[in-house]
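Heads up, what comes next is one protein chain in two forms, each shown on its own as structure tokens, labelled structure 1 and structure 2.
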Structure 1
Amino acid sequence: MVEQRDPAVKLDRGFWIVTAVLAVLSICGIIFWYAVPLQHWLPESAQPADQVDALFAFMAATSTALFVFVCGYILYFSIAFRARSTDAPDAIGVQIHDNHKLEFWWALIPALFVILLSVLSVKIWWGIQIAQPNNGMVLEAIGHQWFYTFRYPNVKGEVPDEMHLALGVPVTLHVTSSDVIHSFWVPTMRLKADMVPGLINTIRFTPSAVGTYKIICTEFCGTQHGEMNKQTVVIQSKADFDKWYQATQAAHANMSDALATVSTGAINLAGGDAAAGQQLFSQKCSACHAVGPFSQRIVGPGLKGVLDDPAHPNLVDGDKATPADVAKILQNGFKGDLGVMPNQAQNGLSDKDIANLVAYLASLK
């Protein structure tokens, strides 16, 4: 091969003009991301959110600058170096192969970006994972198909619907799941933790703005995953929170605090309270079961007349529909052609709850 020397690279005026234009555009982009931070579109409601937003602003600004230059040059080169009809058909471009100096310098651009980004990310990671106060209120959030429940210190049982928090009081939130993987995401807090059955994940933060904020599930968890965005975090002043806390404590005084487990042996159904059962049903069952005929499916079958339906003398497990057999399904769960009926522990039911539910179901005719 003929030893070939690369021709010298000459950058003309056009190149420098374009470079100047791109620099101006980049600066505009950078100014935009700092002038209109994420907070402008999505409010912040907890303390590390501001740090996440700072990181986002930095990344959005630098990558906008980078992207503007890449696209700008591509566009400019494409236009400036297009083949023209006046060119000879076999015209070729400038035969340069490489330019080690140039390559060294431009390898430095992404390298510098990566180093800066690493330093900043580690710093903010430290703020989120390590430097959060450790002495806060310890709460638990539990994911279920398809709702969340919450546990508070010295409040018996689980709190449904809303998660109440006190402004300015640090929180250590442990999350887990009773069935499949869910996720706990409050966009205004910029925080998220997956709720994995058998595992406890932790996030720590300090509520920073009074208000009601959405909790959204971001891990696919079954049929109604998309509807698992209805519950909220309610951030209140310390005084309001205390009021709510005391009321809840009192209301839950008679609940069992034991974590639900699957009881061994048959469940005693005597003294079931249909009214209490009805309330439980609306909390824990109505996501999957309608109060309607067997054929009215949500996930599981409709349960109106389960114990008294001539068209369906047997339950899904093949046994004859008796209160004891319904209780057995509630206790052990059941996996059949229709899907998975969670067991007693997954549904968070005490033996008493089951007795109440069976009494309620028996009352549906």
Structure 2
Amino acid sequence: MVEQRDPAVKLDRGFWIVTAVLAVLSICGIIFWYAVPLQHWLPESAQPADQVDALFAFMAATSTALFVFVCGYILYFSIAFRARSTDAPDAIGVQIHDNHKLEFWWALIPALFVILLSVLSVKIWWGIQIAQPNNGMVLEAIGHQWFYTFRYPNVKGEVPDEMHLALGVPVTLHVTSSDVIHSFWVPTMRLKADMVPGLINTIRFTPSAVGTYKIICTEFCGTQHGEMNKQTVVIQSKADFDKWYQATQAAHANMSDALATVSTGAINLAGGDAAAGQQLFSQKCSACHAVGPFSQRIVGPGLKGVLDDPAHPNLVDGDKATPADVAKILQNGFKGDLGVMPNQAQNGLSDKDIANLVAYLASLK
């Protein structure tokens, strides 16, 4: 007969002593992550870096506690249930099957942890991507092989190497690429976005600490990818930023291609060219909208027949699907459940461009 061990023998005083020691070590680990000033080694330069750090501290603390218990129990059980010299050559270890209480708790506790982590993550993501106000300064960052350039309202051309920001002024940053996929990551801001040709990604933040901080590309983008960590973000006082901004405007006065500003008032749609609008649509809109029925979503809905679709007589902002209301969305942008629609300045559209786009959409019967 094969010798069996009583599974209750080793879960005695020694087991509970080990459990108590592991609990103390876990508590010490949790206290460490919340007591040690992480910002000393990982400085913050913008809001909402503090929210991201709070989520990191929560994940690090809970992971430390889990690591301590898992490794501690593995070590304890490997010693307590080790093979002994007195065991028969054909002896097998303790066989435990169908422990319903154990299975219940090891399923419930991780499930609750994942739900809590998901709630915290979505709350922070919502605050960054959706709840941030559309005010302050709107900028563009463009990735190239192998450098970054930046575009500012009323500054002609592109500013290379350094992105200057004013302390305390909210920033809406639209990132894209001129060639291959890059990435825009400022570690001290805790925010990162891919820079994809033909697609605009948006991040929002408010600079909170004066200084110079590195921008890093985290997507392999070619043979000199490693060179894309030499550009910087320069956060200045409002007065210093204004001086830099005015000097840059003067230095770029003879360049072309200034970042468009949002027009005020209704846009004149007369003379819109559908052919020119079609070309603009492929450049500016096709990454998020299909030329198909409303249900054919990419990011936003399909736009075929948008002005005469009886199933969807209203636009996403609730207004009637008229040329003027379509132009208003192109002019002012929109933020809702489907995502963020860039405004006129963010998309680099002139009033004539909007008239052409509306003419093209009107032709999609």
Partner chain sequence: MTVAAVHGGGIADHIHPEPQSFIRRYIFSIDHKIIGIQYIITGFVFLVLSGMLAELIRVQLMHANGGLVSNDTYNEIYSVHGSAMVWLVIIPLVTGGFGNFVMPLQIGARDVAFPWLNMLSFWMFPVAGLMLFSSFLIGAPVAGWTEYPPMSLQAGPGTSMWCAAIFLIGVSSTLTGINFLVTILKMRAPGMTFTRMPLFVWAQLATAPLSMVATTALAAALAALFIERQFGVPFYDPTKGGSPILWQHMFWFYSHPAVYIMILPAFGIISEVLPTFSRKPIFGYKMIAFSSVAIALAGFMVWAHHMFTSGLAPFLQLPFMILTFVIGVPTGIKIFSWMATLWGGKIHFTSSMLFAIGFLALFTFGGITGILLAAVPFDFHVHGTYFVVAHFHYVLVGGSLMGIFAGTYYWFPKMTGRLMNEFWGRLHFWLFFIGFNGTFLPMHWLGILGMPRRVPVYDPQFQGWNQFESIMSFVMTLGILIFFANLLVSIRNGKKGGANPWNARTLEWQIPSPPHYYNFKNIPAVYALPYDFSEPLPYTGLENELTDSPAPATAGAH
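Throughout, rigid core stands for the largest set of C-alpha atoms superposing within 1.5 Å between the two forms. In this text, all values refer to a predicted model and were calculated from it rather than measured experimentally. Just so we're on the same page, residue numbers count up from 1 along structure 1's sequence.
### Query
With each form of the chain shown alone, which structure should be assigned as the form predicted on its own?
The form predicted on its own is the one given as structure 2; the other form is structure 1.
### Message
So that I can tell if residue 197 moves, could you say whether its C-alpha shifts by at least 2 Å between structure 1 and structure 2 after the core superposition?
### Response
No, residue 197 moves less than 2 Å.
### Task
Answer yes if the CA of residue 217 moves 2 Å or more between structure 1 and structure 2 after aligning the rigid core, and no otherwise.
Residue 217: C-alpha displaced by less than 2 Å between structure 1 and structure 2.
### Task
Spell out whether the Cα of residue 283 moves at least 2 Å between structure 1 and structure 2 when the two forms are superposed on their rigid core.
Yes.
### Query
If you line up the core, how far does the Cα of residue 92 move between structure 1 and structure 2, in Å?
A shift of 2.9 Å at the C-alpha.
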